[in-house]
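Before any questions on binding or motion, here is one chain by itself as structure tokens, the form predicted alone.
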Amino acid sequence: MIGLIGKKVGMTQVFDDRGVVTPVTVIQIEPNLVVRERSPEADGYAAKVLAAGRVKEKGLAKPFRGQFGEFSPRARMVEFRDFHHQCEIGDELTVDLFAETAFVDVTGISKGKGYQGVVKRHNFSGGRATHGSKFKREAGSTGMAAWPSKVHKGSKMPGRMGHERRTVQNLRVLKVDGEKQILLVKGSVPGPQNSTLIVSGAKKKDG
């Protein structure tokens, strides 16, 4: 397991030697600071705690500030278990960590879409959109009359959509730019622009 904290810059497209276009997501990875190290003796498992991103120290909670010790605070802090790369507390890891990685898993918070109905949220077909129809985008019947006289838990209903933690697996790494500290991966990743992403080595694919 290797991983870094990054930021979604946006999407673009690249052309290969044959002129085939490929949609890619640009992920900027600022230097990740190693702030903590978990050990099996003290914590029961092995892990590295990385932090990245700029933040103003004024107003930070003391428990969060205390995690950094002598280092300046960062905006985001993520724990990576079974971190294979050899590093020590105080080291800074860059995008070069993925120089020999072919596939990655990207985790982020999906775009929030607010309160939505069943047509958009659950892909219901709805009723006829013709004149006089009284059933267009409604959910329809949701419960029973005599028994059990309630709506079952877990029924597909209107509600908040999006803004959930999502992981896209097995994204091919097309380019690692150590000078600009960016990573180009094939396809789309969760979240809006400038959102925080967790990029880690693919669990299901190697090479």
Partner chain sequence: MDIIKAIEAEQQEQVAKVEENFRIGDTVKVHFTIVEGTTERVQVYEGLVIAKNNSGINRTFTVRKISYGIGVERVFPLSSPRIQKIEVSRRGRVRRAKLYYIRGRVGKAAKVSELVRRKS
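From a predicted model like this one, the values you see are computed outputs, not experimental measurements. Positions refer to the first chain, counted from 1.
Missing here is the form predicted in complex with its partner chain; even so, the following discussion is about that form.
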| property | result |
| --- | --- |
| Its partner chain in the predicted bound form reached by all of 15, 26 and 175, non-hydrogen atom within 4.5 Å | yes |
| Interface residue in the predicted bound form among 56, 180, 165, 152, criterion: non-hydrogen atom within 4.5 angstroms of its partner chain | 180 |
| 4.5 Å heavy atom contact, residue 187 to its partner chain in the predicted bound form | no |
| In the predicted bound form, residue 10 touching its partner chain (heavy atom, 4.5 Å) | yes |
| Candidate stretches 26 to 34, 63 to 71, 45 to 53, 141 to 149 - the one whose heavy atoms come within 4.5 Å of its partner chain in the predicted bound form | 26 to 34 |
| Within 188 to 205, the residues that have a heavy atom no more than 4.5 Å from its partner chain in the predicted bound form | 193 |
